[in-house]
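In the block that follows, a single chain appears as structure tokens, in the form predicted alone.
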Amino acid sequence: MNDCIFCGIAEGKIPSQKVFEDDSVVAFRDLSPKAPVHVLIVPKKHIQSVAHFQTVDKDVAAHIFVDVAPKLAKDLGIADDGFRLVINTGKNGGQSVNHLHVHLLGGRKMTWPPG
């Protein structure tokens, strides 16, 4: 998608502070962090949101939650004390970029409700 900032980051056309990349996802530091560790995990394939997942996307979804997020939490030193994964979906859900992304937050105690 030509005007999607996360597609541009995934394609290497827009600079970012990458912390992980493989064939299907890229993870990079959030420009406006809400915690000491705040990383976005983004599929390279453009998927607008969780509401737009299709059966063909289940492998990338599993990869994010089974492989990438736990590995990053460990690598970034937040696995033992705990972390939060957040997916905002749609305008009322707080999604600001229309490309599926998972926020990995940690390094401090999280509160509830989040907002």
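Predicted model only: the values in this text are computed from it and were never measured. When you see a residue number, it is the position in the sequence shown, counting from 1.
One more form of this protein, predicted together with a small molecule, exists but is not displayed; see below.
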What is the one choice in 44, 84, 34, 52 with a heavy atom within 4.5 Å of the small molecule in the model of the complex? 34
Residue-level contact is defined here as any heavy atom of the residue lying within 4.5 Å of the small molecule in the model of the complex; does residue 97 satisfy this criterion? yes
For residue 71, is any heavy atom within 4.5 Å of the small molecule in the model of the complex, or not? no
Is residue 10 one of the residues lying within 4.5 Å of the small molecule in the model of the complex, judged by heavy atom distances? no
Does at least one non-hydrogen atom of residue 38 fall within 4.5 angstroms of the small molecule in the model of the complex? yes
